[in-house]
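Coming up are structure 1 and structure 2: the same protein chain in two forms, each one given alone as structure tokens.
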Structure 1
């Protein structure tokens, strides 16, 4: 069976050996880096995010992530791309100076709107890649322990941290299961003559209902079986729990912390000099491109 997006795969890599708490922290820090402001020059933003993309791809290579499965997981983004593009066409914002297409009904498509859409989609792709690194290199139980450890200060306020951590873990755990189930239902419906690719939008929406309804039924069935299995094993969400594996920091975690601190500091520096001081990274590194303000 091919690896599905988010499914844990066991390898003996540095990222697999890292503490789940460090990986969750690194995931949050890199997400913050993705959404830092890098000035108003789109080429500047693209160059900086491309560097971050190289870092994330390097982490995926180290973690032995299957890139074919990663690209397959991006197919669901086409609807979001069209939606964002429509918003940027009909509700333009910011400084729009470069006209791409002028329609006869008065609407104008600006290059800035297209670039805004591309930057948002690029950031979302980086988010998916980061999530895939976490879920593919960390077992669901370790993710639960990691979230529970970060939520532990809330125990002072009688907050049910174990329940929330288990809920998050189960949600992450069943994402690949639901994707696999949706793929199986789609193949079954195609064998019955349902066409998801052809026809007008109204016909496609009707076709999608043949996928959504069985998938919802399957979700309820899986959740019911899971609850019965947990009850049969005597699971008490509010009871005091012991652990077979105790999380301990290692040398790999120290190296990871230093890496994330250096990475965060470097991109905060780039954000400050580009956003507040107007420094153009492209012009600084490549003087021949001076004057490019897109």
Structure 2
């Protein structure tokens, strides 16, 4: 079983070499960029999102991400897409001009709803792509260390950041072990006649309990063993520990910081001129085209 956000794959790209702290910062910045308001002109919004899409796709190509895996991970979005479509189409908001269906009782559906849905879904796809770039270029351990670094200001308030980091890294470390365990229990129960695939919902829930209860029990026994092993090797959560992995800034990090600052600056500028001053970018850039308005 693979993680829906993609597993770490080892390559030697610039993005792989980058400091995890920078990558986390970049992820958050680009996510913010994705959700900035870009005015009310649909053509403008689509153009800006398309540019952002190109940027993210090129990042994915640089990071050598397997696009097949990416499309597979999008499968889980179907339910959300339908849900968003229903909400957006049946509850119209904003300026709606283009009628899709007009019911006899005066209730109308607008094309703008479909367009809004498309843009939200596109943004979500970009988010998944970004997360995938982070997770497939950074080991879980490095991500944990990165987060620990961002939490470090909390040390002033005596918040045990290293304990939190250790907990997260142990949780990540034991995901495959628990999956393996779950598979084993499932096979054992199947051989005893439990059917996980057929039957009504109530029956399925019943058969799932035959998986969950033993899994929980083995979870406790694993954590018991683990805590003994950690204690035996002298782990003291509040004691002073040295670090085997130390995060270091390199030239790549400087380049990526500059990249993120320029990207953020550019998109904030776009957001301000489109949203605040109502500038139509496409008309400004290509004055020869007849004002294509939507």
Partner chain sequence: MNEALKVKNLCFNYDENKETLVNLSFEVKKGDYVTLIGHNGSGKSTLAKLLTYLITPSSGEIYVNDLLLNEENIGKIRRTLGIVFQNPDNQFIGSTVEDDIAFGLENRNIPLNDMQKLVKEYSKKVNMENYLKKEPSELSGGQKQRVAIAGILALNLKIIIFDEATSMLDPEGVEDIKHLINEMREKDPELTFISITHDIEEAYLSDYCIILNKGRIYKEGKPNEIFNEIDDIKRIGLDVPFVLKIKNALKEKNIFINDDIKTIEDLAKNICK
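Only the largest set of C-alpha atoms that superpose within 1.5 Å between the two forms is called the rigid core. Please read all numbers here as calculations on a predicted model, not as lab measurements. Residue numbers count along the first chain shown, from 1.
Is the form predicted alone shown as structure 1 or as structure 2? It is the first structure that is the form predicted alone.
If I superpose the two forms on their rigid core, does the C-alpha of residue 232 end up displaced by 2 Å or more between the two structures? Yes, shifts by 2 Å or more.
Determine whether the C-alpha of residue 178 shifts by 2 Å or more between the two structures once the rigid core is superposed. Yes, the C-alpha position differs by at least 2 Å between the two structures.
For residue 163, does the CA position differ by 2 Å or more between the two structures when the superposition is done on the rigid core? Yes; that C-alpha moves by at least 2 Å between the two structures.
Cα displacement of residue 210 between the two structures, core-superposed (Å): With the cores aligned, its C-alpha sits 11.9 Å away.
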